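First, one chain by itself in structure tokens, the form predicted alone.
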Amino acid sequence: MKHLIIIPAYNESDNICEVINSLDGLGRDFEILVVNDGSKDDTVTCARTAGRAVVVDLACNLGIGGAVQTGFLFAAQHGFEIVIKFDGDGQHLASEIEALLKGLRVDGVDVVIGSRFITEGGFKSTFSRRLGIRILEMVNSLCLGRRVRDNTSGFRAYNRQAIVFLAENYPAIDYPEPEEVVLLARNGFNVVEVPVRMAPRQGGSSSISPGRSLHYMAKVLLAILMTHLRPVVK
């Protein structure tokens, strides 16, 4: 099967080369696409120097939603059967990709989320982030009628049906992961979680600073509400 690893990247020159190199052992069935989202640093040069990835250099910063949708459009147009979304900051581990793929092989599963919080004593974050993640868990659980623990995880795998759907309908907001969960479930896709290990960010800084946390939460919660209320796409 043709697998595409989508790495959206914005100002990740400190990490992107090492992230790409960490995927070297996956074999020929895995292709890597780096979507440079208008970085102001040397992300493009570093990604191309690694020599393993196709690099799409967006002309301007579209935000994470636009960068990821670019990856899905590429995957849909080039016939990829499985997409793995993989962050460019070094938090996601290549060794955990098989856990996602194993979950995706279960009959009826369309999307697998790599969750940091299923296993006791798992990934630790700041108090403010844990609080935000907990709020999103409560809101999405109410919308879906079932519990999703790690709505903000960007470490995910998708089958062909989900790829084609998201190529046309991926959320366009800056932080789309929680809205994506509701969008997929509302449109009949079976989304499951599997436990994975993650590492702390290896370099650079997150786009979600403490000062932007409230703005982030308000924007994401409004997007989730609108997605929950609007008619299904399929």
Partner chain sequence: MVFDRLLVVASLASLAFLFLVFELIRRRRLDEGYALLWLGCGLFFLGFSIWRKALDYLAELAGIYYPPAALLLLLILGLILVMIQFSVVISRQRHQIKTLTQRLGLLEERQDRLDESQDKNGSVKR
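Model, not experiment: these values are computed from the prediction. Positions refer to the first chain, counted from 1.
We do not show the form predicted together with its partner chain, though everything after this point is about it.
Each of Leu58, Thr70 and Ala172 is positioned with at least one heavy atom within 4.5 Å of its partner chain in the predicted complex. Only one of the listed residues (His78, Arg134, Arg146, Arg105) places a non-hydrogen atom within 4.5 angstroms of its partner chain in the predicted complex, and that residue is His78. Proximity to its partner chain in the predicted complex, defined as a heavy atom within 4.5 Å, holds among Leu62, Val192, Ala50, Leu26 only for Leu62. Here the chain stands by itself, but in the predicted complex one stretch of 154-162, 93-101, 108-116, 70-78, 70-78, has heavy atoms within 4.5 Å of its partner chain.
Although the partner is absent from this view, Pro176 stays clear of its partner chain in the predicted complex, with no non-hydrogen atom inside 4.5 angstroms.
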